[in-house]
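Listed next as structure tokens is one chain, alone, in the form predicted on its own.
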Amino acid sequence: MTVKYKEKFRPQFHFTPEANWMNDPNGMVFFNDEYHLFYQYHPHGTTWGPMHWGHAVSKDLVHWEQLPIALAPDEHGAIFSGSAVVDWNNTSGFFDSGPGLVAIYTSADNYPDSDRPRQRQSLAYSKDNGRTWEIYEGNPVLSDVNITDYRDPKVFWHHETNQWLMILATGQTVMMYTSPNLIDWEFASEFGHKAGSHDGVWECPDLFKLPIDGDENKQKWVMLVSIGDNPEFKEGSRTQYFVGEFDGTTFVNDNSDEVVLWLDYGRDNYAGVSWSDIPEEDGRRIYIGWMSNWRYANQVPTKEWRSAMTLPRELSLTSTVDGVRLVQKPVEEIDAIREGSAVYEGLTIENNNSSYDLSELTEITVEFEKQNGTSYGLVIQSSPEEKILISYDVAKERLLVDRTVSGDNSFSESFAIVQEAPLKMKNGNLKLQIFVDTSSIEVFANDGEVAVTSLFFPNETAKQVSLFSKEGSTNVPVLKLTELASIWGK
């Protein structure tokens, strides 16, 4: 008999639904000391189907309590992606006293007597901390008969102009709308006709402000835009971002249109957005993504459930020689599942490998110091035949995560690939923080300057890590292997 949460490939420290299909994170909001995570959910199968909002809550972003389905299809259609906010001042009039939660989501059906998809924005509200939801009787609150792909509203309160702001994915652009009350929306502007990547349909936008290098007096706006799968391009679905200015009406990109900034260089981080209403005294912008890719999401070899979320990550901005760039690192709450560590210091790796035992759930932190090796890195081995190779090419200044022989890749021709990220060493050093779960690996390089998120499906869990250096030696000042606990208990 298979034990629940111990099934083959089941992640042990990433959120997964108890059963059935999950995709995009939705409606992430912090309220009354709880982080809410809603998600696209099909309760009757393990492939994409009629979309509901699944629901989970957490006190610490690490351990999750799964709750009943929050929103189910109604007369306006299936419940596609969207967001949730705390209506602190009852601008909507939905609440008798005090604040409450309002969900803003896409209702998806077809135009009457037509095969043409119809996507409109709707509201629901909760007076009991998100446990039950009332559908707004005036739905839908926003529609446009001329735009077919018209979805994924992300809403926030814009303090400078004292109104609600919605950013909405509209085909190959995003549109901004404003509202005093979450019900009546007015068009403000459009962005993106030529900017960034248009390799697929634009989806799941987000817009928020961050300080640069921690300086609250220097701030920029960050826009996230996910790009759907297009068979003409090898990467499948992925997420880009823009950095610029926003005045409550119009977003102005700091970079020229042809500059494309990728949030993650792995294949498996899509549709991520950030939590609303994180308290000011906390001050973090916390993000989570769907850990899969539309190229093969419906085919991955799990049975009882399908799909996981990434680790929650704190986003920040840093100055680089190329301009202001987004940095991401796992939230500090991950410390709750760290157990014992083994630390090795002052290593020199030459043309032979040094091997160390791994626990099946591991955080690896390692620093490499360039000597004369042409490339260096580590191999995470599940068995003699199955491994993931993480390497750095010194001449090309590229970080590589190779999953070509990582386990089962029979379900998709697109899966057995090498993922590449441009990355410069810092003063001749490279620092990696790597989280290895039963079927995923997340690599954060140089304190989160680059992230590579990748699924893999080994027949056995990770057992060993080997360090290597090619055509010369590389110093490893420190290698730390930390065992991680399952969030599902023993």
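Quick caveat, the model's predicted, so the values are computed rather than measured. From 1 onward, residues are counted along the sequence shown.
One more form of this protein should be noted, the form predicted together with a small molecule, which is absent from this view; the next part is about it.
Among the residues Asp87, Glu203, Glu369, Asp402, the one placing a heavy atom within 4.5 Å of the small molecule in the predicted bound form is Glu203. With the partner omitted here, the residue from Trp185, Trp294, Tyr125, Phe208 that has a non-hydrogen atom within 4.5 angstroms of the small molecule in the predicted bound form is Trp294. Partner contacts here mean any heavy atom within 4.5 Å of the small molecule in the predicted bound form, and among 372-380, 264-272, 241-249, 214-222 they occur only in 264-272. The small molecule in the predicted bound form comes within 4.5 Å of no heavy atom belonging to Tyr177.
The small molecule is not drawn, but in the predicted bound form it has no heavy atom within 4.5 Å of Lys154. Interface membership of Phe80, defined by any non-hydrogen atom within 4.5 Å of the small molecule in the predicted bound form, is confirmed. Mapping the unseen interface onto this chain, Gln12 falls outside it, with no heavy atom inside 4.5 Å of the small molecule in the predicted bound form.
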